[in-house]
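This document opens with one chain alone, in structure tokens, the form predicted on its own.
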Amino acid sequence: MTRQKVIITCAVTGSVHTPTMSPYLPVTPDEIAAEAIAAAEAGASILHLHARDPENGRPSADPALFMQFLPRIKQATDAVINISTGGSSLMALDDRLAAALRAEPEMCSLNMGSMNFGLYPALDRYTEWKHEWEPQLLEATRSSIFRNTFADIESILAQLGQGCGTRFEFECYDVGHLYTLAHFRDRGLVSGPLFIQFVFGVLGGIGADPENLTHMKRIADKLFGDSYRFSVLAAGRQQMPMITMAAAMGGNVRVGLEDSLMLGRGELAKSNADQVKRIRAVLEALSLEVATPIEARAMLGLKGSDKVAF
């Protein structure tokens, strides 16, 4: 059996980290576009994108902000653009979907359940903040949940999947999320090839332990057989070890400043492209080939960049 090439996803900015945590976190549309394009040039075939308020870096769901960088990225690179439907745990569902419904991208992320999503431990790492909203947002995750009910997921699948021809990066933060995905598969609301992102290391989800990766893979094999592909992201310092293990197990990988601000021990990543280059070097050292955007589209059954609305 021929080994499939490895898809590198780069999550450029996200909504987890704040400007105080790294001066390299892209905030403005110009910065997000430049970082995304450089990540694609370094080897990322999928770009996972959020937006931020350019004035203060706060996570934003404003479609107008997305439209300031989406066309520029599409013009400059052939990478698959993947828009978050997660946004931030403090956003309402309609807000989280607004940009994706406006853009009709090839891919969107889709969290497979409601969960605690604790970012508040980061409060202990800093004594001063660039913006007042940063500690407030982190503290709010102590008493809030990220909501994606069965009805929410049905709505996203209907509006984006059926309505826009968008396919999904199914983000599974725990084993139960795999069973939820199988439930929607059994109802005929999703179909293969499924692209499942195993998410490790978020407080409230499954821990970033090698044993958990092998367990998630074993359960996914049981539920989905050969009708899925998996990728791995891991928060913080476990990013590179866990995704290296994923690649060795036949999976795909995700890097980016959304997931980790670091390049190595005690070293901030100065760009998303730095992380892409690092994992690409690891993959090549393992004699694995990196998938191009064209190959990623074929592997995941995507509609093509000519069928998006930007």
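Position 1 is the first residue in the sequence shown; the rest follow in order. What you see is a predicted model, and the numbers here were worked out from it, not measured in a lab.
We do not show the form predicted in complex with another copy of the chain, though everything after this point is about it.
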item: Contact residue in the predicted complex, chosen from 209, 78, 104, 95 - any heavy atom within 4.5 Å of another copy of the chain; value: 209
item: Contact residue in the predicted complex, chosen from 73, 190, 115, 160 - any heavy atom within 4.5 Å of another copy of the chain; value: 115
item: Partner-facing stretch of 84-92, 191-199, 128-136, 213-221, counted where any non-hydrogen atom is within 4.5 angstroms of another copy of the chain in the predicted complex; value: 213-221
item: Distance check, residue 294 to another copy of the chain in the predicted complex, heavy atom within 4.5 Å; value: no
item: Contact label in the predicted complex: residue 31 to another copy of the chain, heavy atom within 4.5 Å; value: no
item: Another copy of the chain contact in the predicted complex: residue 27, any heavy atom under 4.5 Å; value: no
item: Partner proximity in the predicted complex: residue 155 to another copy of the chain, non-hydrogen atom cutoff 4.5 Å; value: no
item: Contacts with another copy of the chain in the predicted complex, stretch 144-173 (heavy atom within 4.5 Å); value: 144, 145, 147, 148, 149, 150, 151, 154
